[in-house]
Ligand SMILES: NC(=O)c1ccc[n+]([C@@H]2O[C@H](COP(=O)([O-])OP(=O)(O)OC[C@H]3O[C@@H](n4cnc5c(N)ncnc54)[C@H](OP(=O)(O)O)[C@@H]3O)[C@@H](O)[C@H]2O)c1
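Heads up, the chain below is alone and in the form predicted on its own; it's given as structure tokens.
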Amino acid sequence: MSKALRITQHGAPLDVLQFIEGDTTGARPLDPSEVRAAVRLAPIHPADINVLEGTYAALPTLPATPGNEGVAEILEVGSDAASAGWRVGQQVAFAPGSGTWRQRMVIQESSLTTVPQGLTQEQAATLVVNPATAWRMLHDFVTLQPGDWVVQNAANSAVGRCVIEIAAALGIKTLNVVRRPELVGELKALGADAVVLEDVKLRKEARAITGGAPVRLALNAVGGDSAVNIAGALANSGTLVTYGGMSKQPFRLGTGQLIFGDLRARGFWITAWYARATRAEKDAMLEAIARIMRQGHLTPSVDNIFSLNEYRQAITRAMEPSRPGKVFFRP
């Protein structure tokens, strides 16, 4: 038996989350294709809060242990999992949504991903979601070359910061939209090429900012008027990829942008990518991201680390909008 967090219903996060000291789900006998793992570190993402509230797109069958991401050590391996190459003592991460807010877990080997060598525990625990989302959006929709420009809103978000650092490592330039002026210098220190405030009308200003270079990819995490604004920076036949809706406003594009600009609108969800990717594809992507991490980039800022029984403090802190870094559980 071990400790875990659990929900039996959705609602206000502090009302529905429960601390369980006698969790037996990680102690049952293994099927051949399963492994038993000890979770070492697990972050609290905004999507985790949405799961607790019942507002996320994919909700677990209740009762459930939340936790979208984390890093763990394999304790025991089923026979088929061993044949697939998994071994005791190996450091692993999980497909998004695996339920990592617990000490022990039993999981299908197909849901595991290899943690590359040379990463900090914080990097390993946050490898699978935010950097991977940024990597895929920079690679899967438009073929970008060094010197090309990308525009994004919510540039100070976790994914937005990953876009900046990965793009800089690849030689891709970023035009970043934020809401607060104090973020300008901070994001430029990360590698951002240009940072503007949300009220800058990019349809008029983008050419001056980029020196006339075309912008063929826009990344939207906000929706509403902000999506219209960054679409204004796109060149004809550009692509706008939406991966979030922070404003809680519907996604919008101007009719003229769509017709006369021949813009493409796409959506992206990293969970769906993992569901269809092969192990080789996952490993190749994570190793590419790890190379950037080993150069000193993409290291999450840590605000605080809590034990599972401190869940009330952890969730309260994670829901504070002004905190300077990521909140983690160390089970």
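All values reported here derive from a predicted model rather than from experimental measurement. Each residue number is its position in the shown sequence, starting from 1.
Below, we refer to the form predicted in complex with this ligand, which is not included among the displayed structures.
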Even though this ligand is not shown here, does residue 114 get within 4.5 Å of it in the model of the complex, heavy atoms only?
no
Indicate whether residue 282 is a 4.5 Å heavy atom neighbour of this ligand in the model of the complex.
no
Answer with yes or no whether residue 261 is in contact with this ligand in the model of the complex, where contact means some heavy atom within 4.5 Å.
no
With a 4.5 Å heavy atom cut-off, would you call residue 244 a contact of this ligand in the model of the complex?
yes
Candidate from 159, 184, 74, 142 lying within 4.5 Å of this ligand in the model of the complex - any heavy atom:
159
Ok, 133, 176, 98, 229: which has a heavy atom sitting within 4.5 Å of this ligand in the model of the complex?
133
Out of 82-90, 115-123, 167-175, 148-156, where are the residues with a heavy atom within 4.5 Å of this ligand in the model of the complex?
148-156
What are the residues of 267-287, in order along the chain, with a heavy atom within 4.5 Å of this ligand in the model of the complex?
268, 269, 270
